[in-house]
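Heads up, the chain below is alone and in the form predicted alone; it's given as structure tokens.
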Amino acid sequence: MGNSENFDVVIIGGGVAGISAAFWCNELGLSSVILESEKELGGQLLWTYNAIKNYLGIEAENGRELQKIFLNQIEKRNLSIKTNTKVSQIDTKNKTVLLEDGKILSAKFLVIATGIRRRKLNVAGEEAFQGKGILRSGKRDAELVRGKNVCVIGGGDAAVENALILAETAEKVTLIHRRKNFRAREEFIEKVKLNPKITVLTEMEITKIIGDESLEAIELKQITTNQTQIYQTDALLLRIGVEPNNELFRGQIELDKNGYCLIDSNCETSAMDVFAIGDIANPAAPTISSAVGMGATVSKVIETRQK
């Protein structure tokens, strides 16, 4: 086979949407391969620590439990899966994918399922204190902050909900938002107001994360006055939104103003026979259900075009 491989469909991304597309390609007799940069499939499921109760037909204690259910099902099929595989370049016109190891994969159809990532602050100390005071999840790390002070950055549902979760074990939670008003649901905001453990700081943004061996404080700037202050804290959780993983195909297909793939009712992008599914193409409803459905849709469309 040399330095190249050929498939009917190359699926870039091994989250729920990518898994669903591969499953349905197999169901419909299409040869496909999943390319996943991480060491295992699952995507956002691997970072979902809360119970999943809104996926019709299955309830799970967390994302990893649901991931295991999905993987158990696809293991019964002879799917081509490449994990720990970095993609260097995509050619949407010629339907080729160049891997970091130099191998080229060619296909009749490309399916983009690259998903999203948590937005970063991009401030000093953010990388240095990952796992050294910067938390991954309120649910996962609640015991780590028992009796301690913790700051949560953000103004949406995720930030406010995590502040409420962390307040169950922490001594004090400070919820910090750069705007005056929160975007979170009113029911969450009311719970925050009634919780004596939670302090709210608005019109403040974090400019630096400070510490020695672990996080010790953050530097905050008041938006309206530009005055800064050092705020002592033992831990920090960032929930400032997400952004699409679009670097590989930016400039080759049409994106919306926020960088998400624009698609039609067949999940097809502006490039012929190049499709996008899952969170990268569905900012309005980034759910497990929609990702599964989009994977099935795109496979059926491709199968029809093969005939």
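All figures in this text were calculated on a predicted structure; none of them were measured in a lab. In case it trips you up, residue 1 is the first one in the sequence shown, and so on.
This protein has a second form, the form predicted in complex with a small molecule, left out of what is shown; the following refers to that one.
Engineer: Is the small molecule close enough to 16, 43 and 286 in the predicted bound form that each of the three has a heavy atom within 4.5 Å of it?
Structural biologist: Verified in the predicted bound form; spot residues all in contact, yes.
Engineer: Any idea which of 265 to 273, 22 to 30, 251 to 259, 48 to 56 reaches within 4.5 Å of the small molecule in the predicted bound form, heavy atoms considered?
Structural biologist: That would be stretch 48 to 56.
Engineer: Consider residue 245 of the chain shown here, and say whether it contacts the small molecule in the predicted bound form, taking contact as heavy atoms within 4.5 Å.
Structural biologist: Residue 245: yes, in contact with the small molecule in the predicted bound form.
Engineer: Within 4.5 Å, heavy atoms only: does residue 115 come near the small molecule in the predicted bound form?
Structural biologist: Looking in the predicted bound form, residue contacts with the small molecule include residue 115, since a heavy atom lies within 4.5 Å.
Engineer: With a 4.5 Å heavy atom cut-off, would you call residue 238 a contact of the small molecule in the predicted bound form?
Structural biologist: Contact with the small molecule, no.
Engineer: Does the 4.5 Å heavy atom contact test between residue 77 and the small molecule in the predicted bound form come out positive?
Structural biologist: No, residue 77 is distant from the partner.
Engineer: Identify which of 165, 220, 184, 87 has a heavy atom within 4.5 Å of the small molecule in the predicted bound form; exactly one of them does.
Structural biologist: In short, 87.
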